[in-house]
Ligand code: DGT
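Just one chain follows, in the form predicted alone, and it is written as structure tokens.
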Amino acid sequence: MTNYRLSNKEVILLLKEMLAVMDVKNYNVFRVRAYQNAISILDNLTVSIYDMWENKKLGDIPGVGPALQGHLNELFTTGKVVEFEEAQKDLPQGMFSLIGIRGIGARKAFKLAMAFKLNSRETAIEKLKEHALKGEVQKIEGFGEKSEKDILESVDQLKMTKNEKERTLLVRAEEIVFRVYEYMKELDCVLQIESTGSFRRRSPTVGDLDFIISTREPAKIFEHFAKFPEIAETLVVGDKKTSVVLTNGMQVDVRVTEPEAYGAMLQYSTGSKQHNILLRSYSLEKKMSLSEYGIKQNDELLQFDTEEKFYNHLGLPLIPPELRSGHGEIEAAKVNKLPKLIELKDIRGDVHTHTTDSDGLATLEEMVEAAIHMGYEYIGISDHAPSVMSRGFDEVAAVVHKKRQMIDAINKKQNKIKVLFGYEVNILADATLGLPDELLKLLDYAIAGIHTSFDQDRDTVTKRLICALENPYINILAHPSGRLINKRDPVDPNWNKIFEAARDNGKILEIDSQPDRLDLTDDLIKEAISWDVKMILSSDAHAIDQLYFTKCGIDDARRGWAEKQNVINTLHFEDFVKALNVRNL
């Protein structure tokens, strides 16, 4: 029987369209809310929804009830959901192309599509623009001259709502956050400021930025923020909240609170929707109710100036922001079994780095000096392996021997750091490796990774990765899923087989810290831990400053519940080389 493998993006789009139908047709408010919650949770999954279905684990996803499980089952087995198709039949299809353009929600999209007979998804936006230019939008009930002008501007610039825009890499968002912090801290009345939401949870990408400011003088806060030089458009101005769009398209929301309630507001604004839902359910069992203002108990609102006091009042330890996703952290907190998360200071070395010998920007000597400056005990140089196919065995063998001599010479003339010799070897489409075993065995270690043919079927990709893991001269599987955030979907192997092969062959899986990789993903890190598979946290640096990307990998590891003992490059050199099974020392 043929199943229909749809990407998470395709599933979410289908569910969002059904949500729009529900809105337009006034479905039961509780059903609408349940779908909204489920979409929010599914949209933040890094694991494949299809894989969860195939492994009969849809019920493990918070918020995905029996009805939605049934729809997803129908979708993956037949390629469609009959109820969804029937519900859409009497609606103009053009409305679905308009949803997501700033200022146009489901109901407005329906009104516009009906008024202008926009029955084609392909032509709806262009036809809407034509009607707006003729001044016909403002004649529709509920619209006006300003609405028409805003729609024209949004269509011209194709401004999308924050939920439809491509999300920003965390490191790019961090630059904006730093500038906002620096600007707002010019005021003495800013007592505390924190960027919350997905940014504080250290998610790989950020949709918009939320700031919570503790102050006694909110008017001064908003007056000052209104002059922030990067603001392009102001969306909302209120007594407690201001929303703007910056010149780079990022939406920024600023909320103020009195110092006594800062902890409660910080907690409310940081946790994912599912974390907060589960925490509210837990509090109700204890006859308490939660809000952004505090905890209500016996008809009295209790305020908290710190998050720790907030959680402690519920009988829980402080839950780290990175874990507040609604995936078991509250249950773990209840029995005091939260992990002691890995920290940046735990990392003692990095063995996935590149130099000018392949595609790096710094020389071997410069990378070693940079690692010494960082206080590392060891560094591994792992340039992309030279190709035997294009250069011939003898030439490549000469390159390997020369590099070996250079690294041996560096180790002899200094004792500040241990330098290891490795290569990053391509796992070819036919599951063979780009460097033969005769040369691999000359290295201290080898990293294998997929760099081509990402569109192979699941069985082929699984076999390809397992062949590398079973090779006696491969030590590390690099960026195992091959994803590039916002650019390339991950490969889709049978992860249980990958974890089993890594464990049984004593191989290490990489947490690649490049900001657009972060691979293994946090959910796979957590899964690897359950399989007792060891990992290594690498910068994959191609320049000196990229050695500091390790911090991004730490964020990823913490979201995956990783502790110090799960990551081998937290070990001192002698123990590290044993854990990695380093050769030729």
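Everything quoted here is computed from the prediction, not taken from an experiment. We number the residues from 1 along the sequence you see.
Here the subject shifts to the form predicted in complex with this ligand, a form of this protein not shown in this document.
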query: Interface residue in the predicted complex among Pro515, Gly326, Gly100, Gly207, criterion: non-hydrogen atom within 4.5 angstroms of this ligand; finding: Gly207
query: Of Ser269, Thr462, Thr242, Thr215, the one that lies within 4.5 Å of this ligand in the predicted complex (heavy atoms); finding: Ser269
query: Interface stretch in the predicted complex with this ligand - options 122 to 130, 307 to 315, 67 to 75, 207 to 215, non-hydrogen atom within 4.5 Å; finding: 207 to 215
query: All of Ser195, Arg202 and Arg558 within 4.5 Å of this ligand in the predicted complex, heavy atom check; finding: no
query: Close approach of Thr363 to this ligand in the predicted complex, 4.5 Å, heavy atom; finding: no
query: 4.5 Å heavy atom contact, Arg458 to this ligand in the predicted complex; finding: no
query: Lys273, heavy atom within 4.5 angstroms of this ligand in the predicted complex; finding: yes
query: 4.5 Å heavy atom contact, Lys497 and this ligand in the predicted complex; finding: no
